[in-house]
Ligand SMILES: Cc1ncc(C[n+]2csc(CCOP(=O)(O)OP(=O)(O)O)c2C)c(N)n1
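Only one chain is shown below, in structure tokens, and it's the form predicted alone.
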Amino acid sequence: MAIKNLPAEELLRPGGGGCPGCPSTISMRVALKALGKNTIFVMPAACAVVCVGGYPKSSFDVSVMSVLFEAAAAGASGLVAGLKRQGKTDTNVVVWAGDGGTYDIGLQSLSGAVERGTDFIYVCYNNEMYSNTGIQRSSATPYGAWTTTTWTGKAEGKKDLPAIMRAHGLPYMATASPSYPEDLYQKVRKAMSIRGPKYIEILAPCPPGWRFPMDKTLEMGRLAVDTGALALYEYENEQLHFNLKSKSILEGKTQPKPIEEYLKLQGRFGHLFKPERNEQALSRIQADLDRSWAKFRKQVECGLA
């Protein structure tokens, strides 16, 4: 699909409260083209809630239910049950939450909703930190990254929540990026066609939190894929299927770019290069990445999720 062939209707109006270059807003614009107007968003505390705009005006042309930080998936479960009672089974109930409300505070309600088989789409736009509340670390923050609560660099690695979601046995999950809007659009459309719980994780390079220029969001997303920092794939029928350049990297047809090309452009990793290179930290980051791809290859070869 060419980007020019995406639906022309815009359900995200001008005047939202997002930062210039906000990856969540870009992703939401694409996702809404796939979802259409018969959609209800459920949003916990997050940057995305700010993007809705202040009462009584909104930049969204769909309904939005704002809920407590920990309750997004629980709120979606209630919506699905209520709509079903009214005989409305064609409404798209979509959670749109950050990594703080997904990896950490909202994990219990997400796990419960998936375990119950709730028919909804859960989208996590993962900017790898609590951006809306001051750039604190989350369990999605990668090793070595600066945040206001890890000002010498995070000492722990990031949680592999996509693997945790696959372990729930849900019928569909995918990873995506606003840098590849056609891929994101198609994955949302596929999720809409499948009954039961669906999980889509979008890597969301955040300019103020990651410390890079606001006009470089899409470039940063492409570089994440080129270096292998982000693997684009789908999980369906208990099988992993890789997409775009990630498929070539998995099959060994394309060598990923050095991870340092990705890290150097982000001020949150600047301390790893100044005043001199932190070889130990950089080696660990590369080794962790290599292990992740080796695990993917083994899972695909063995037919395991």
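Just count from 1 along the sequence shown to find any residue number. No experiment lies behind these values; they were computed from the predicted model shown.
What follows is about the form predicted together with the ligand, which we do not show.
- Judged against the ligand in the model of the complex with a 4.5 angstroms heavy atom cut-off, the residues G98, I105 and N132 are in contact without exception.
- For the candidate set V52, I259, A45, L265, a heavy atom within 4.5 Å of the ligand in the model of the complex is found for exactly one residue, namely A45.
- Interface residue among T118, T175, N127, S109, judged by heavy atoms within 4.5 Å of the ligand in the model of the complex: N127.
- For the chain shown alone, D61 is not a contact residue for the ligand in the model of the complex, no non-hydrogen atom being within 4.5 angstroms.
- Proximity of F273 to the ligand in the model of the complex: non-hydrogen atoms within 4.5 Å are absent; the residue sits far from the partner.
- Stretch 119 to 127 is the contacting one of 119 to 127, 155 to 163, 176 to 184, 86 to 94, since its residues have non-hydrogen atoms within 4.5 Å of the ligand in the model of the complex.
- Counting a residue when any of its non-hydrogen atoms is within 4.5 Å of the ligand in the model of the complex, there are no hits in 226 to 242.
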